[in-house]
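Take a look at this single chain, the form predicted on its own, given in structure tokens.
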Amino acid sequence: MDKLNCFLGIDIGSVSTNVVLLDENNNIVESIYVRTEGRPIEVLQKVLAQLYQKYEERLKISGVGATGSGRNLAAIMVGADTVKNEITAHAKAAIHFIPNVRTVIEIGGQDSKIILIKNEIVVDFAMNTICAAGTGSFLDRQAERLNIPIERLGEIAIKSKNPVRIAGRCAVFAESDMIHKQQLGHLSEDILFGLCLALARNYISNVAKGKTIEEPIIFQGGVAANIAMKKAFEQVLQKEIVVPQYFNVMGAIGIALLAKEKTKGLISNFKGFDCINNSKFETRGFECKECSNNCEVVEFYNNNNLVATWGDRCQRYSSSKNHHVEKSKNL
């Protein structure tokens, strides 16, 4: 039986866990987007179990990479060959689909980013630091408050013919302003598209502050599913925005591509589906009292054996433990 030789990309975020399988020709074999729901270990094990049930022994993993805010945890669980931050992974995927891309707008569940690229090299980037206004979780909250399924928010908003002005700089002010506009009797579609415009303006004036946004521009991340947000960005920027087919799993695609490069001619560290799904993973932690930093040290256990430690600035505990934990700044 011929094996399906694939590269596994894992992107664990605060809102979603994304997993892709790429074949040797970089074709997308599987693309999975599920809610993390505050249970990254359990959700990742469940997704990998689904993959194994579908392909069983036909699937051979020749390389695996991890990215996202839960990348260090995922890397230890699966035996990742490469671990990179979201900027690197998203830029890699964007360049893969549009080699001459100049700007990447990425908005996920809890954060938003801008990545500037020139000649296939990241030359600048920034992330939101002040407020969650404009991220996926904020839009989720507003859709829920208006009793609208989040999947339909864009479809309704794009019908607007007279969008209202919403203050989008702060999540609290934006919500208050929306309630005020509702009380004045404005149509839902006008309020929702007004919100999309406010979030686009907020992104440009904060996340992209001082940066030159050049075309081609790619819009990716879960919020790119909202067609009204794409229209709002195009209206504010007066530029064309491209939403790629796999907009919601671009980080996972990027890290899978990087894993393929890293393992060329080498044997993957992948632990195997059985080993991962039959293991018990647990996170514990403590506050270190060795100095005034009082670091919150995270310990990760596999079957009650301590396999990784991070969070200690001086690396008192982590220096001898971690083989897969990324050492660079947590982006």
Partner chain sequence: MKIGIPNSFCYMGMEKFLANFLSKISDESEVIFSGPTTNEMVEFGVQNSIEEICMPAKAFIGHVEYLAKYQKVDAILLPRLTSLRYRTYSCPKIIGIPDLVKTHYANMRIISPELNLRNGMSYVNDFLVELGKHFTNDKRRLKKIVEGFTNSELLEYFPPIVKDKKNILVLGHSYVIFDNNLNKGILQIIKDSGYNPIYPLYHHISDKDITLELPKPFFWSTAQNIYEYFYWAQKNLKLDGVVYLMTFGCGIDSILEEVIRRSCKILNLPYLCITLDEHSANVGIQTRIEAFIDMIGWRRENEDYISTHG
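Positions refer to the first chain, counted from 1. Values in this document were obtained by computation on a predicted structure and should not be read as measured data.
One more form of this protein, predicted together with its partner chain, exists but is not displayed; see below.
Between the options Ala74, Met178, Val104, Ile95, the residue in contact with its partner chain in the predicted complex by a heavy atom within 4.5 angstroms is Ile95. Among Leu197, Ala91, Ile241, Leu153, the residue placing a heavy atom within 4.5 Å of its partner chain in the predicted complex is Ala91.
Contact annotation for Leu184: none of its heavy atoms lies within 4.5 Å of its partner chain in the predicted complex.
Using a 4.5 Å cutoff between non-hydrogen atoms, Lys211 counts as a contact of its partner chain in the predicted complex.
The shortest heavy atom separation between Val236 and its partner chain in the predicted complex exceeds 4.5 Å. Heavy atoms of Asn277 never reach within 4.5 Å of its partner chain in the predicted complex, leaving it off the interface. Proximity to its partner chain in the predicted complex, taken as heavy atoms within 4.5 Å, picks out 291-299 from the listed stretches 36-44, 56-64, 291-299, 262-270.
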